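A single chain, nothing else alongside it, follows as structure tokens in the form predicted on its own.
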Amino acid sequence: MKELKKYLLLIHGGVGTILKENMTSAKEEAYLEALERAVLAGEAILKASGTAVEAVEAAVMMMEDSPLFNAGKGSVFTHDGKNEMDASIMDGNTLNAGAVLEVRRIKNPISVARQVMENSTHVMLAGEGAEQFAKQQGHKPVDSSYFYNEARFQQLQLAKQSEEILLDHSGENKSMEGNMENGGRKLGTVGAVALDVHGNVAAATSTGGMTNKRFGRIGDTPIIGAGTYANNNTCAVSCTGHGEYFIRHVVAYDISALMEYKQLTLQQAADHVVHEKLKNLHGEGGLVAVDTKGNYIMSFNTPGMYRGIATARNKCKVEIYK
């Protein structure tokens, strides 16, 4: 009997106070369908013996193309009414990585991050320079109107009135139109990790940042080791949550280091970081991670996290609530 080739893909689409009682059935169905499309896009590559890097890029691109998630098309607005996006990707086999930040006219920032990794001598490119590089790599800039979303724009107006900086949603909306009711709070980032049939892992993360953010604020998403990390010796990690806490604790790398230097399992390392270190400092968030043995975790310290999984042995599964 032919041995089944082992592969695994995990995705996340944000964490927060995401409660079933505050979600309409139509909204819930829309999220589940979007998550499933992302999982299937990445899994198709792994099934065909593609690489973990290709798979995480494909899964994240699918979420960047959806207005439901705070990345790409669904990105939130800054204080100045602009959309600024960050993304990063890392290959656990080579430890190569690429990131872009503060890009405004790139449809799929994760693809440009991959090209930074593979087609440049750098790791991180910002703003206009990143956009020039993207153009050089064949990406056609999109008009800013591509990112306009009325519900997101109304979130900005609300945030300005209260002089708050909001992490994605101040409320999971009680209607598809996106009125700002207090249904909960979502910390928005999308990401994916994968183990391919060649035994390599990779991680990718993308975000639209924070509603009403000022001064060019950057979170953990484009910072290798904070929001994204991958190493074949340990694991691949993609994070979502309150970025400042993830930067301070170098969360993605911390999990890898606990495995490498303290010989903790993936589960033990993630539990310690997410449910002890972060939680003790009121850092909300979560992550998905996989190691080269096929062990995986979807860990979060909030009531919900948009997430999905596909393995060689099991069908695609997507979930929202704890």
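Counting begins at 1, following the sequence as shown. Given the structure is predicted, the values throughout are model-derived calculations rather than measurements.
Not on display, but discussed next: the form predicted together with another copy of the chain.
Heavy atoms within 4.5 Å of another copy of the chain in the predicted bound form are found in exactly one of 141-149, 115-123, 199-207, 154-162, that being 115-123. Note on the partner interface in the predicted bound form: the residue among Lys47, Arg37, Lys293, Lys277 having a heavy atom within 4.5 angstroms of another copy of the chain is Lys277. Taking the partner from elsewhere, Tyr31 is found to have every heavy atom lying beyond 4.5 Å of another copy of the chain in the predicted bound form. In the predicted bound form, at least one heavy atom of Met90 sits within 4.5 Å of a heavy atom of another copy of the chain.
Contact check for Ile106: every heavy atom lies farther than 4.5 Å from another copy of the chain in the predicted bound form.
In the predicted bound form, another copy of the chain stays beyond 4.5 Å of every heavy atom belonging to Val76. Applying a 4.5 Å heavy atom cutoff to another copy of the chain in the predicted bound form picks out no residue from 21-45.
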